[in-house]
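What follows is one chain in structure tokens, specifically the form predicted alone.
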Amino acid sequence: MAVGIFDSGLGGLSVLNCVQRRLPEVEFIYFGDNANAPYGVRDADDVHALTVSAVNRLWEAGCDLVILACNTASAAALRRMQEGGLPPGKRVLGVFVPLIEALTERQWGDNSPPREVAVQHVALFATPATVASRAFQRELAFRAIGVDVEAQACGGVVDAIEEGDMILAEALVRGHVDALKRKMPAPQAAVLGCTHYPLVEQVFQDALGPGVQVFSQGEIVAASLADYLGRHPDMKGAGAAGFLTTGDPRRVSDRATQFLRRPIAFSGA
């Protein structure tokens, strides 16, 4: 039995690593659309079409539940996919809602009216496409009022991480944090709105300073998924665990092995 995890590239491995630690009894099929990464510079229609194609491939692999471990896909495609109708017995979940629930200290499924929360000034670091979608602000408004969100599009960071150039990625992060601070000098919290960013989370934290709470998605999504599967054990699906990519399997495997520090072998999708 397997749950699908989808990302445009390697960033979703940060989520996979956390959910595997939290749910060792669950098998996962990871799908990376590395041939078309990054999604963060694509328009919404393009992201939607690519996401639908990837999710359909995971349905074929036996998954009943797919986690969009890609903030750009969650922002540009998730709601459209859900409103358009999913195959019977299938479910797609994104990574925004668990993050916002943690930020606003709301329990999963809390549908009470939006209310004031402790954190009033939030920095959002995300891809250009995620920032342009304003999906984070929309979902936050369903749950909280009076929160000032300053979004910073972090161009180039995903590309550098995918290429394994961590020196460039770290330099870009510091530049984007400086740009954010010019607009919001004293954020109380920072949201890393891309699953690639946990790979440079400490750089964000150091640049923001110790007084800023950084919210990263891996552990938050893992806890939310554990809760969901506890209530819906039938959504574990079928199929064998594995790693699929639209890119060069050997190259992607090498990069993934470096990121997770354990052997990872991708197959062609």
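Here the structure is a predicted model, which is why all the values come from computation and not from measurement. Numbering starts at 1 and follows the sequence shown.
The same protein also has a form predicted together with D-glutamic acid, omitted here; what follows describes it.
- Interface residue among 76, 122, 158, 140, judged by heavy atoms within 4.5 Å of D-glutamic acid in the model of the complex: 158.
- Among the residues 173, 99, 131, 194, the one placing a heavy atom within 4.5 Å of D-glutamic acid in the model of the complex is 194.
- Here the chain stands by itself, but in the model of the complex one stretch of 48-56, 224-232, 31-39, 199-207, 31-39, has heavy atoms within 4.5 Å of D-glutamic acid.
- Of all the residues from 4-20, those having a non-hydrogen atom no more than 4.5 Å from D-glutamic acid in the model of the complex are 7, 8.
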